[in-house]
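Next up: a single chain in structure tokens, the form predicted on its own.
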Amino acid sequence: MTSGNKNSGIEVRDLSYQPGSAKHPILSDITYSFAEGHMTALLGPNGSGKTTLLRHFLSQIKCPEGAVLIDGKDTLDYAPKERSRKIAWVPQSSSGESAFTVEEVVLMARYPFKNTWEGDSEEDIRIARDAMQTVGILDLKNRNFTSLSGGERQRALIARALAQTTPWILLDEPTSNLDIKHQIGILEVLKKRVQEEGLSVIVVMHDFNMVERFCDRAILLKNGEVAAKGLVREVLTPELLLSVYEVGFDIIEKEGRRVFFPKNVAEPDMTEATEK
């Protein structure tokens, strides 16, 4: 549930990032306040800085002091377990679970709430199995994680995030390996928890129709800078999408919801390359 604290949420202040090997900044002067109780889409072309931004929230990349605040506290000042009780993370892929069953992978989410060497309680197991049931993988709980399909692995990682019972969940393209049924199912679960339980979600997505259907806010990045931010209808406009993605879109209204149709992309001019 939302806390009502005026400092609650994730606040980004003038965040820039340029690793030593990069010729240009990956992030440039990002400023945005992610308020609690919303499902916010993080949008932009490949390489625009979306994943890098989320990794700063988790201190996987060290931030400048005061650049990222979680509930008014610098993310650098959080101990790992303390931060893990605030934010759950669903990466695009994960490779550290090869020796574990699906249930063991999901139960890893309970680690931030345990003392050292403390085992899984009945409550931990209940929470984990509820999460697996929610995403439709309870029947896979005894399978080795590496034996799963890409989509099943993705659902297991989402179940782990749900079992972490944090007020925030960050997801990096969580539906990329899922069929359409499970894409809709997972996003419906997240939206319902946002609406009914005050969960806060930041999700990297590329499908504007899914964003329109499930998200209420959006931030659009281009070349590491904020191109637009606000309500989804304010961000997903033909003009902004054309300027950021260099692709035109036709947008029609249907049953109170907009539907996005990309226009044809011009074929690249290969004449000069052929002549060479």
Partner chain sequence: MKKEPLKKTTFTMTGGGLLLLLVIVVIWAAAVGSVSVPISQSAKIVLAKLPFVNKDKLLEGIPRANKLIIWDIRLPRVLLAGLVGGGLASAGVVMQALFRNPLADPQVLGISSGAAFGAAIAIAFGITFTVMGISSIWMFAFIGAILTMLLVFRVARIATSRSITGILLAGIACSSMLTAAITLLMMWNRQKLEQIYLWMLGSFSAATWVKVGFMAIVLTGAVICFAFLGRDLDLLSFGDQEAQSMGVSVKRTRTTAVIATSLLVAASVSVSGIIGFVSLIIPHIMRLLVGPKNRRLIPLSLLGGAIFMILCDMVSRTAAPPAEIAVGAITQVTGAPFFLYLLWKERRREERE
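Positions refer to the first chain, counted from 1. Note that this is a predicted model, so its numbers are computed, not measured.
Beyond what is shown, the protein has a form predicted in complex with the partner chain; the following relates to that form.
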The partner chain in the model of the complex: contacted by all of Thr165, Gly185 and Phe214, heavy atom 4.5 Å: no
Position in contact with the partner chain when the complex is considered in the model of the complex, options Leu27, Ile70, Ile219, Leu58, heavy atoms within 4.5 Å: Leu58
Distance check, Gln195 to the partner chain in the model of the complex, heavy atom within 4.5 Å: no
Distance check, Pro112 to the partner chain in the model of the complex, heavy atom within 4.5 Å: yes
Contact flag, Asp130 vs the partner chain in the model of the complex, heavy atom cut 4.5 Å: no
Touches the partner chain in the model of the complex: Arg233 (any heavy atom, 4.5 Å): no
Stretch in contact, per heavy atom within 4.5 angstroms of the partner chain in the model of the complex, of 201-209, 135-143, 172-180, 186-194: 135-143
Residues in 62-87 with any heavy atom within 4.5 Å of the partner chain in the model of the complex: Lys62, Pro80, Lys81, Arg83, Ser84, Ile87
